[in-house]
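As structure tokens, one chain now follows by itself in the form predicted alone.
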Amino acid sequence: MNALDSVPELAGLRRVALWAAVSGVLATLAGALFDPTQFFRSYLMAWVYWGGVALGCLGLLMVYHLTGGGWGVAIRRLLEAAAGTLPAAAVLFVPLLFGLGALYAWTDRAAVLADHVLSQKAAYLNVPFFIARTALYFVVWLALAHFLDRWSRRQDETAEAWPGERMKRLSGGGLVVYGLAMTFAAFDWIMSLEPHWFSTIFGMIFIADSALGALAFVLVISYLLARGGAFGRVLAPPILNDLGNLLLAFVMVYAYVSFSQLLIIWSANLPEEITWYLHRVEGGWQLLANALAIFYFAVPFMVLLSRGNKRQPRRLALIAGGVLAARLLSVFFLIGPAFYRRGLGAHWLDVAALVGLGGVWVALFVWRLSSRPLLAQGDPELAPALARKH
């Protein structure tokens, strides 16, 4: 039997993903031959977008194991499948290590020696230490994903309580380590693109953005899967309402931490801090900033206040799809101005890399999802979730 038979509803998505992977990767490789610098810049944005979804799913999975609830039963397998792509995501990150000079000003020794700020940060911002830290982040994430997957399989096989207890204990401490790794990864991979600027809340913005994108992604996939079998039964209106409330919560958290950073920096008006925002409110970038505020906060916030929208699978999936699309604006807003200094701009490689990397990641996700039943039979929360009808 074809492994995909367990998720026939995603057969079409898998075909589209494979076509996107082939065409996108070929176009990206062709672009890399003609413009290596742009290749690395576009590839970084694409990796942050799709890698952020995988990392966000890992975080949500640990939140579920720590708190429980019917909402997590419905999307648990999707979260596990996305977290299971992290080994591939780690491999896909490797090309970026060959383009650090095209991405980060602090890799240029002459520029560092001529710049007082960069020279003060050289003990932290240097290539060997950067690579070592990146390796450590992936070790942390891969270890968490590995043990959660291992004990999840044991829970299905034995139906005993101890795997669930282990996953709960691991998630408690794991969320702390996960948060630290995500924070420093955000500092290293994104914030250091503009090394004169700094923000202690930036890591939280990256965490909230990844979690929001992850939840939006699994809600879209859940709708596709709900058209058949037991999975459709578990997505009863009360469960959908819980997931919609969670999506609303993450929209609000992302908006809160983003606005907090803006308010503090704008009020202080310090040259070393305010420049980051000045690059993003002039030269056409203000259009992107306004679109981000509207489509990544205001619109989803308003429509998710409606109970009816959260209890209808199609409506909730459309809202989640809109959030997932708007996250493209968020990633581009964080990274793009560091490269397009003359004003709002884009390159065709930005699209090619996003499509190619996305096709590879989504195809891997569907393959991982098809390897196990869509519902965790050993999960003690499953029976209560299936019993919820109103």
Partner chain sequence: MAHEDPHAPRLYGLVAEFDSPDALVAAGRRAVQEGYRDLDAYTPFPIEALHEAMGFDRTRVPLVVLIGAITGAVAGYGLQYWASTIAYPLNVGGRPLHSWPAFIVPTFETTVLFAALAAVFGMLALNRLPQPYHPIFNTPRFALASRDRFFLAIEARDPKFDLVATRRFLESFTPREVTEVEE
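Keep in mind that this is a model prediction, so the values were computed, not measured. Residue numbers count along the first chain shown, from 1.
Missing here is the form predicted together with its partner chain; even so, the following discussion is about that form.
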| item | value |
| --- | --- |
| Answer option from Arg311, Lys121, His279, Arg154, heavy atom within 4.5 Å of its partner chain in the predicted complex | Arg311 |
| Partner-contacting position among His196, Arg150, Arg233, Arg307 - heavy atom within 4.5 Å of its partner chain in the predicted complex | Arg307 |
| In the predicted complex, Pro238 touching its partner chain (heavy atom, 4.5 Å) | yes |
| Residue contact check: Ala249 to its partner chain in the predicted complex, 4.5 Å heavy atom | no |
| Contact test in the predicted complex: Phe129 vs its partner chain, heavy atoms, 4.5 Å | no |
| Residue contact check: Val117 to its partner chain in the predicted complex, 4.5 Å heavy atom | no |
| Location of its partner chain contact in the predicted complex, chosen stretch of 77-85, 183-191, 316-324, 259-267 [non-hydrogen atom, 4.5 Å] | 259-267 |
